[in-house]
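Heads up, the chain below is alone and in the form predicted on its own; it's given as structure tokens.
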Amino acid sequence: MTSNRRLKSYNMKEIKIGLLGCGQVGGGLIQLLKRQADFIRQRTGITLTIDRILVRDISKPRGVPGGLLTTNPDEVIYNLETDIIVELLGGLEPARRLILKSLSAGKHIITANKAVLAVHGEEIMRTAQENKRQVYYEASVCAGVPIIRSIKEGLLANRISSIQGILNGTTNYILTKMADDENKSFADALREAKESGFAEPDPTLDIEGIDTAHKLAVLSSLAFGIPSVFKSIYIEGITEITQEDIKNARDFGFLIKLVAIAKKLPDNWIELRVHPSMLPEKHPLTSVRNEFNAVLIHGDAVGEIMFYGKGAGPITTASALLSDIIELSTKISTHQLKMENLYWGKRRILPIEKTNVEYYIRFPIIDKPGVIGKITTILGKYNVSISGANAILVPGKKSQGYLPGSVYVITERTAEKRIRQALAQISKLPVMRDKPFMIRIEREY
């Protein structure tokens, strides 16, 4: 029997997109959109069209009609045909100014710019609400890993109590190479990361932990309902980690990773910190190698859940941007846009001195009589207990008639304030040939 019923068809709609910037990610987005245009149209009934692109140099070949290009941002922002603007400039300015200008002009925003969100997110979101516009930013953290949408939607029924993540591919690549090759220094691993395309010519934001902190600010703001907190995040990079530390970590049963940590504590306190951490070998994040990223989240309903994938790259980032474009376009065409209550949590950021964890400490010493006794006496004075220790000397390299070496200890859990006080006093001992170096130990997940 043949049915006379016809399937209901979508009302076809065209959504026009303006780009602020067209570097590698912008070029990747243009190519990906061309490749997927028919598929997107079949799935959603929406035609996506790029109608204006801000560039620095119009003469540079970009694989698009020259009439789309402009050096004047106002031609993108105030184009009456444009529905969505994708910000691809990076950095703080002029990105912040142009995002705010676009929102005020009635445009929706999609961005991969974690720095501007981390530092100016509260201002941007407030402006979006005032103008009843949307800001989408899936590509700002972990690129192709859908962590933003998962927190906003998939985990909406959960109270999130903690986030631990490896959020920077450059630093993870460097630490992986140092762990794989006992002769590879930090400088050698960084050089290899640059040669392989996993580190920028100036890698400062990555190796000093700032890029990771930008991403943690975005995730913690979303997970805990707090305004921009970047300035309150404690940040340490990986530049002082040596092969000595890598080997000692392994001897004690740990691996070293640059980890972003957000933990909800009693009485509305929250920990926000980015620093090298020693993780037990069976910790879920220790299996994350090279340029890959991972985020481990604890929700009260789902328990532990981990997101894993490539966290950078033009096509990977373009994929996340296009995903945002499709979702936002669908909501625009079906009139399903709604405003969110963005900042519903009231939290105080715990100072790093009040954190309470275990520590690995390396003491560079000259092997004079009683050196270990002097160190342990001061640690005891500040109620710092030791659960493990080791020592090594460098034969044949005497300094001032004594052999140089190092003493390594693992402490019991203690307040960081006590550790800092003890290390400040130990640093003044004549047996010290350099300042002590510590790495926090994270066993919980």
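The first residue of the sequence shown is number 1, and the count goes up from there. Since the structure is predicted, the reported quantities are computational estimates derived from the model, not experimental observations.
In what follows, reference is made to the form predicted in complex with a further copy of the same chain, a form of this protein that is not presented.
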- Query: Are E93, S104 and S228 jointly within 4.5 Å of a further copy of the same chain in the predicted complex, each by at least one heavy atom?
  - Reply: no
- Taking the partner as it appears in the predicted complex, which of 293 to 301, 93 to 101, 359 to 367, 248 to 256 has residues with heavy atoms within 4.5 Å of a further copy of the same chain? 293 to 301
- Is the gap between Y78 and a further copy of the same chain in the predicted complex 4.5 Å or less for some heavy atom pair? no
- Query: With a 4.5 Å heavy atom cut-off, would you call Y234 a contact of a further copy of the same chain in the predicted complex?
  - Reply: no
- Find out whether any non-hydrogen atom of R420 is located within 4.5 angstroms of a further copy of the same chain in the predicted complex, and reply yes or no. no
- Message: Since only the chain is shown here, I'm wondering whether S59 would be in contact with a further copy of the same chain in the predicted complex (any heavy atom pair within 4.5 Å).
- Response: no
- Let me know the one among S406, T70, T44, T376 whose heavy atoms come within 4.5 Å of a further copy of the same chain in the predicted complex, would you? T44
- Task: Report the residue, out of T355, S162, N131, T330, that has at least one non-hydrogen atom within 4.5 angstroms of a further copy of the same chain in the predicted complex.
- Result: T330
- Does anything in 279 to 318 come within 4.5 Å of a further copy of the same chain in the predicted complex by heavy atoms, and if so which residues, in order? K282, P284, S287, R289, F292, D300, A301, V302, E304, I305, M306, F307, Y308, G309, K310, I315, T316
